[in-house]
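Only one chain is shown below, in structure tokens, and it's the form predicted alone.
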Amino acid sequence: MHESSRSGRRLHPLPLRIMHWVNAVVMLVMITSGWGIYDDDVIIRGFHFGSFWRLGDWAAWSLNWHFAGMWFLAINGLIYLGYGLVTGRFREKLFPIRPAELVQTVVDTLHFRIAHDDLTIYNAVQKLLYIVVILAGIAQVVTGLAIWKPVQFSGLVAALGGFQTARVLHFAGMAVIVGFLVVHVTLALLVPKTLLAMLSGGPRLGVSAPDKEEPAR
């Protein structure tokens, strides 16, 4: 029996795990503080977030939390995007997405047939969700800048259709990210080994399986 090589890199390298968990904490700060800001000037009349869900007792405190989280999110996000592009992880893990596979994965999921035998391969729905949430995150930065500095970024505000439209787009982007988090966490709970992989690094890639001993003749 030949020993398996231990030199293969992990499915989730340490830098990626650090960025993932930093982003998870920061996104919770951004979302809950954003709800506190929203309550000060609602977009949907009659719709408010209860104090249990808000970070900050009132709008000023929520703004402070939001601005603090903003820098961590922007810096961590830029590092994540650079890492994914330079290492080729985005190309390797998120493409291609075939429509037939997407439909089949949705059908299987609705029937609670969630296959995760091989954690190194993302299904079509996972790929699409990751791409959507990355684009939503970028859009949140753009619309957030327009809301934060509407005078300095007046051209951006105009391109987005005005200050109020930028607020609506920012709120919609938040809803997309919250939806992703709900699905992401639910799937992690349904398939616990995916969560364990993000904590431990997961299986090693490029590790050859042990050779089987030939039967005696």
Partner chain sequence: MRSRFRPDTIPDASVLESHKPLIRSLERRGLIRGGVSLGALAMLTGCDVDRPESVESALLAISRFNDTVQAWLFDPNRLAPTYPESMILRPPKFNAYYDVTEVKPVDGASWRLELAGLVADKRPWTLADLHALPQRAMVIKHICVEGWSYIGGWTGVPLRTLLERCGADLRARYVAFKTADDYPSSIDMATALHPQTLLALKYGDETLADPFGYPVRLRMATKLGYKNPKWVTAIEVTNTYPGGFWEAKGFPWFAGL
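Keep in mind that this is a model prediction, so the values were computed, not measured. Positions refer to the first chain, counted from 1.
One more form of this protein exists, namely the form predicted in complex with its partner chain; it is left out here, but the text below deals with it.
Undergrad: Taking the shortest heavy atom distance, is residue 37 within 4.5 Å of its partner chain in the predicted complex?
TA: Yes.
Undergrad: Just to confirm, residue 48 within 4.5 Å of its partner chain in the predicted complex by heavy atoms?
TA: No, no contact at 4.5 Å.
Undergrad: Quick check on residue 61: any heavy atom within 4.5 Å of its partner chain in the predicted complex?
TA: Residue 61: yes, in contact with its partner chain in the predicted complex.
Undergrad: Residue 148 near its partner chain in the predicted complex, any heavy atom under 4.5 Å?
TA: Close contact exists here: in the predicted complex, residue 148 approaches its partner chain to within 4.5 Å, heavy atoms only.
Undergrad: In the predicted complex, does each of 83, 118 and 122 have a heavy atom within 4.5 Å of its partner chain?
TA: Not one of the three qualifies.
Undergrad: Among 67 to 75, 98 to 106, 129 to 137, 84 to 92, which stretch has residues whose heavy atoms lie within 4.5 Å of its partner chain in the predicted complex?
TA: In the other structure, the partner sits against 67 to 75.
Undergrad: Out of 147 to 171, which residues reach within 4.5 Å of its partner chain in the predicted complex, heavy atoms considered?
TA: In sequence order, 148, 149, 150, 151, 152, 153, 154, 163, 164, 167 come within 4.5 Å of the partner.
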